[in-house]
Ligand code: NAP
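Just the one chain here, the form predicted on its own, laid out as structure tokens.
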């Protein structure tokens, strides 16, 4: 039985784009890239709230093999990331494979034919030899069930579904959440709102952002001498390695570095926020790295403004025209902005139903057992399946490091299949268990287990209390594994 496609890739963000480039390099040209949104770019197409920008320097938050010398700033605004995605897709001629406004509802492996059967909302199912899940880590927006929110008569906006026509001028706004998205958005709203109340459940560690415009002569230098941009990328990678990998994942051995970064963040806050009580409320009571930190030069300053208040007692309920805090204070508002993040562990792993060999349901298996994936990309009993947003897959701090590691894994795996003259692969149970045991052991010295994360409310932790999102190795070690993993860790079939 011949499939409709060589491979089906679900998601047209940077992960799906990278997978398509890797598969095309292996000679798979009959691809279907299915995207539920109206255009490509993933999170950079979906998100367009005021203040949106990268929180990893642009030279690092991009493919190393497709450098962009034209970034306007060290931390590029969101529209430049979306433009960059279109540029890469055009360069590698990928848009002809893309199908937009296409929602995948499920995928089932046919053990008899060896093909994947993919169900699509409103269409007939299609088949492929290979299935790639590239739906991203932050693709399912979350709205908590706040009591009485259905009675609120004002405007409600979610940061992942922003209304570009919304004008905050002279509005009384409540922002719920203080994660990385809120840190970018809040200063923009505060500039124009009549009043702004920030409802904080958990404070966030904030680091100064060395964000400057990139002068035209420097951009021309990057274009003419690419080695200069690669050098800047290398420097930035080294800084990120120190902050995240050494200070967070190797916390047990490098506790002093973790505490030094936390102290620097506190000192930064002290220079930015005048009120002592507010500083105390904004200071995390968990170790640096338990929750994803962020970078900003404007966030702390917001709380010096007369039109901005910080509420930390929690949310009790909504009224038709107010939000009532847990301490009984009622805040009259006409607009609610939900910066409440995404649902990772209940609906995002995976983002649609995937049934493997012998009827194994991936989501149920993960939840009934432990979240696991060999090298963060393949799973036993799921033949010819690659999951890009998987447990232990996020390598380093830039998502592009993860993508490029997975591209290397794909190239090595498919190269071996080509050498053997076969078309099927499946990771062995034994190899998966060895990898899981190694990751579990490595995590024991991370801040997640050796530090104090009890008050972090971090999405790094799943419902089993395990922090399995990040790969607990150095970035270099993760990339080396992608190039050198034992080919015998897979079984191969015609």
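Keep in mind that what you see is a predicted model, and the values were worked out from it rather than measured. Residue numbers count along the first chain shown, from 1.
Quick note: we don't show the form predicted in complex with the ligand, though the next part is all about it.
Quick one: does residue 144 come within 4.5 Å of the ligand in the predicted complex, counting heavy atoms only?
Residue 144: contacts the ligand in the predicted complex.
4.5 Å heavy atom contact, residue 408 and the ligand in the predicted complex
Contact with the ligand, no.
Indicate whether residue 435 is a 4.5 Å heavy atom neighbour of the ligand in the predicted complex.
Flag for residue 435 set to no.
is_contact(residue 342, the ligand) in the predicted complex, heavy atom dist at most 4.5 Å
Because a heavy atom of residue 342 falls inside 4.5 Å of the ligand in the predicted complex, the answer is yes.
Can you confirm whether 53, 138 and 184, the three residues that make up this candidate site, all sit within 4.5 Å of the ligand in the predicted complex, judged by heavy atoms?
Yes, because 53, 138 and 184 each have a heavy atom that approaches the ligand to within 4.5 Å in the predicted complex.
Interface stretch in the predicted complex with the ligand - options 421 to 429, 44 to 52, 438 to 446, 31 to 39, non-hydrogen atom within 4.5 Å:
Residues of 44 to 52 come within 4.5 Å of the partner.
245, 176, 333, 351: which sits within 4.5 Å of the ligand in the predicted complex by any heavy atom?
Contact with the ligand in the predicted complex is made by 176 alone.
The ligand isn't shown here, but in the predicted complex which of 201, 317, 279, 86 has a heavy atom within 4.5 Å of it?
None of the other options qualify; the answer is 201.
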